[in-house]
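For reference, the chain that follows is the form predicted alone, supplied as structure tokens.
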Amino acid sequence: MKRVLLIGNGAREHVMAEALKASSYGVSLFVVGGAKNPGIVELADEYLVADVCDIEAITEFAKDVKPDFAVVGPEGPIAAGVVDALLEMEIHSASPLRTVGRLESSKSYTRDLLEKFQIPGNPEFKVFTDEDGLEAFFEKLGDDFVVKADGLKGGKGVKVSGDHLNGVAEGLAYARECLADGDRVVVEEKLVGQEFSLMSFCDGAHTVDMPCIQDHKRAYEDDKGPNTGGMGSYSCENHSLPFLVGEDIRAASDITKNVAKALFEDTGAYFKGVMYGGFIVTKNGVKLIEYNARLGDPEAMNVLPIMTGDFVDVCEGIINKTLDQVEVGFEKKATVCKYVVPEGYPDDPCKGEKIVVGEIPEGVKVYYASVDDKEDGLYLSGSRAVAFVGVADTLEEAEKLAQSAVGAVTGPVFYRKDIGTADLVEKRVEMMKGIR
């Protein structure tokens, strides 16, 4: 038996819990979550409701349950130093220390790292700690720019010209706002192309890539509306995407390998966990949008259900720097994940309203996210509520499965019907043909 400490309580952590419990070793699962997730509760041996960044509460719980290792779901605890605090207790984690977790928690650090070690993938960019040269750089970029607040902002710190900011004046105003809120801001050229996620298990010396995935950040169909945490995602049975070529995936994979090496050279610490690259294919090749230092949500739900091999072995391979000796692969299956979210999400989501999850079709996986599980049923708590994942031999079949399930939820909710559909995928293929 393995004793595992899991930190987090969203749908990503639900699928992580499922993968851990499926281990051939037999797993006793101990969870710290900010709220009770009904799916994780069913899988957990003990469940502590506490802030996932509360180092004192987590370390006290860890002293009691004595886990063999820990794994962290969300980015907040990594940035807060939870992994570091556990390591001081000689509890190792399949998640990175804070210093290398800066790959996600500091956008300026990642841009500077690629530049310092001459790793391809950066757009034209500058990091500013004050207004000196700010206006001149905006004038150089013209109307195509991105402004990034440096730290973790829950996905709301990045603003793009044309989408969130109209013209240089608004860009400058937001950059000044970021400088006032923190000590630095990143301004960079706007990249045009198709985005994809490539997540890789990493032990600091070796990487194992997962299938490519495309996430859908916009709230409404046809990529309209405000940005969200992710309304859903899809992956294909060949582990590529219809608008990618083999060279695109190799380029992204090489960037990740080089970044892992550079992190050790720069910090003296190995990155142990998941390096999740958000990439974009442009007319000038593959560029890096950003890195996350953990599994994606929703992307974790595309890859973990089709992973072959033992998730405990993967976690221990990450910890022991023996990932190259672990058998890990992925079934040749397509997956489509669709989130059901509260009406008004993300700007003004309804909360406290009851939802009912009806009968789920066979072949669909269900992962609970932000719901309150009360005696008389499930209630919305303001963020993404339930994720449904179809797994099948083709993308068309996987999409049909996921779509057949989202309608089983009654209550004040909505979802995107178009994720994984042939129409939306074809639009992206045609766009890339024009760009190439």
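Since the structure is predicted, the reported quantities are computational estimates derived from the model, not experimental observations. Numbers for residues come from their place in the sequence shown, where the first is 1.
Another form exists, predicted in complex with ligand AMP; not displayed. Remarks below refer to it.
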item: Contact assignment for ligand AMP in the predicted complex, among 195, 177, 223, 183, heavy atom within 4.5 Å; value: 195
item: Ligand AMP: the contacting residue among 115, 135, 189, 343 in the predicted complex [heavy atom, 4.5 Å]; value: 189
item: Stretch from 240-248, 145-153, 351-359, 265-273 whose residues place a heavy atom within 4.5 Å of ligand AMP in the predicted complex; value: 145-153
item: 4.5 angstroms heavy atom contact with ligand AMP in the predicted complex for residue 107; value: yes
item: is_contact(residue 217, ligand AMP) in the predicted complex, heavy atom dist at most 4.5 Å; value: yes
item: Contact of residue 289 with ligand AMP in the predicted complex (heavy atom, 4.5 Å); value: yes
item: Any non-hydrogen atom of residue 328 within 4.5 angstroms of ligand AMP in the predicted complex; value: no
